[in-house]
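Below you'll find only one chain, the form predicted on its own, shown as structure tokens.
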Amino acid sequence: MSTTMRALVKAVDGPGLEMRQVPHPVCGPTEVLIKVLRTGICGTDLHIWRWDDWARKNVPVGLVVGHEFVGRITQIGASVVDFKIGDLVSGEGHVVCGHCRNCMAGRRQMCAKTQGIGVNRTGAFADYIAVPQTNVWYHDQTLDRDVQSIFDPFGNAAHTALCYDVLGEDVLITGAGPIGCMAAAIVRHAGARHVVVSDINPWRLELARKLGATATVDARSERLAEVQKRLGMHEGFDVGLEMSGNPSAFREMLSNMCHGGKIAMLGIPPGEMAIDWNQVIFKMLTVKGIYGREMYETWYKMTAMLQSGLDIKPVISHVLPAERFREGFAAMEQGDCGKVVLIWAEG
């Protein structure tokens, strides 16, 4: 095996990434070494590409980035017992401490010492990655390989969409990015009645329709109250999924929730956000923050939904060789795309 490999690196203190040769990762006693087959470009990766304020504060220069991937195990550490060479796997992108109160209580997704693969530690945009065995997810081998590569963002969508009961409910999703579109497919699969998705990007609104939205709203020209009338709704939305991080979208959501409605927030606002708290209090709304996935109940539910007929493949708009990563990031910058998948190897 070569001592070096290809990897996408945050090479300089500025915009962009570079494909470089870096040292081959070493597999520790409780880790597995994975040959990366496919990776997905995430909104987080776009922040790192742009090198905005958040990226400069959180990502060290020289880091191999990326955290959405599927691959095959090529080596297992001496203490690993649950996996074998050749297994087709993905990895949970949040590496937790294992010893804090939440970790010890089985609430690992709430670990305050979480490190992000491709953000705080070596990432997956590379030929190989070493991952702790506690972060490895064994795939149903029959699932589509491209879909397997985006289980991480699929998990964000599933965690958000399923945190409240949506059977028979009217659901509003603000933000038609890939995660918002996957959430539309999930809540429809879970039995929601009306699924309304709002955004300002016509291409992505059309993608939301393909993935199950019963109505879409161009927020530049139509108000949600008008959509409610058109759908015959009388009391507002039962469940809101905020995926945009846009303060105006969140305020519009608050105004259109029913009394006792429930909101899950995955989108990250650009800064402090003012809202009318009277809406929250007098409507008796529940607002819950979502970060990542539940370990590993969300992963189980993702697999079960795909096995029972959920189709998220339409969210993947670009599949490119890893060497053409710049085209993938250009598509992300333009915005008229869903998920972008990079191919590192076949298998």
Ligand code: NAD
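Note that the structure is predicted; figures quoted are calculated from it, not measured. Residue numbers here begin at 1 and follow the sequence given.
There is also a form predicted in complex with ligand NAD; it is not shown, and the following applies to it.
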Pick from 257, 211, 266, 131: which residue has any heavy atom within 4.5 angstroms of ligand NAD in the predicted bound form?
-> 266
Which one, 200, 233, 88, 163, lies within 4.5 Å of ligand NAD in the predicted bound form by heavy atoms?
-> 200
In the predicted bound form, does residue 290 have a heavy atom within 4.5 Å of ligand NAD?
-> yes
Is residue 115 close enough to touch ligand NAD in the predicted bound form, meaning at least one heavy atom pair within 4.5 Å?
-> no
Closest heavy atom of residue 204 to ligand NAD in the predicted bound form, within 4.5 Å or not?
-> yes
Flag residue 176 as yes or no: does it have a non-hydrogen atom within 4.5 angstroms of any non-hydrogen atom of ligand NAD in the predicted bound form?
-> yes
Interface segment, criterion being heavy atoms within 4.5 Å of ligand NAD in the predicted bound form, picked from 168-176, 76-84, 103-111, 131-139 | 168-176
At 4.5 angstroms, heavy atoms only, are 180, 243 and 248 all close to ligand NAD in the predicted bound form?
-> yes
Within 4.5 Å of ligand NAD in the predicted bound form: residues from 316-347 (heavy atom criterion) = none
